[in-house]
Ligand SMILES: C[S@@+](CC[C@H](N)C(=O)[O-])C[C@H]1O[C@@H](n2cnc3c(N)ncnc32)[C@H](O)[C@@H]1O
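Presented below, as structure tokens, is a lone chain in the form predicted alone.
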Amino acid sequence: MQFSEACERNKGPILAVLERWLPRPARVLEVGSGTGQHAVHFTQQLHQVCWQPTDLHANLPALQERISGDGQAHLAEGSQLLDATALDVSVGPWPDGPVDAVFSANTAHIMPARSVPDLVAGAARVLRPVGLLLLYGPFSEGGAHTAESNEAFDTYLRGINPAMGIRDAHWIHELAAAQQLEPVADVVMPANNRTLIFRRAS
């Protein structure tokens, strides 16, 4: 099965954020599940969570391999890990809502910049009132990088594809406000990452 060192490193700190912020029970839609390591770990640790993993169609076979194997063992009490489904945030269709939370880790800087507004708008559409959008990853602040490592990573990404790159937190907040998503937390995470948390207006 495919394996991500980054997922292995950050799953603990992200779990702490989810434990603090997710209601129970919770239906969670994950955008860009990748290797599935997060989906498996979180449903093994969080009680009463129904987790829907998604990714681009081409990535589904590898994602589903983990979900069908590791993902069905040692689930936390009352939790469920659903089969992976295809989702391109700009094309859709998005899974049916409403959901209590939309979670996405390390996707905003990988997807094309033009797709980031679609990510935020799509999340707003499927969230129930007071539902949460949680975005984890590196973010710049007011046009400036918050660490040299983030600046180097941004340069690396744009060298691969100019449409990729670390996004500015101010821009994410503007996109969220346009969708009636209110900022509720900005959690500092290890390795110069953050978790931006927004709540859909009631």
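Every value quoted in this text rests on a predicted model; they were computed, and no experiment measured them. Just count from 1 along the sequence shown to find any residue number.
The form predicted in complex with the ligand is left out here; the points below concern that form.
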| property | result |
| --- | --- |
| Among the candidates L127, L81, L87, V120, the residue which, in the predicted complex, approaches the ligand to within 4.5 Å (heavy atoms) | L87 |
| Output flag, H38, L56 and N59 jointly within 4.5 Å of the ligand in the predicted complex, heavy atom basis | yes |
| The ligand contact in the predicted complex: L133, any heavy atom under 4.5 Å | no |
| I110: touches the ligand in the predicted complex, heavy atom cutoff 4.5 angstroms | yes |
| Distance check, V49 to the ligand in the predicted complex, heavy atom within 4.5 Å | no |
| Contact label in the predicted complex: G165 to the ligand, heavy atom within 4.5 Å | no |
| Listed range touching the ligand, judged in the predicted complex by heavy atoms within 4.5 Å, from 138-146, 168-176, 28-36, 64-72 | 28-36 |
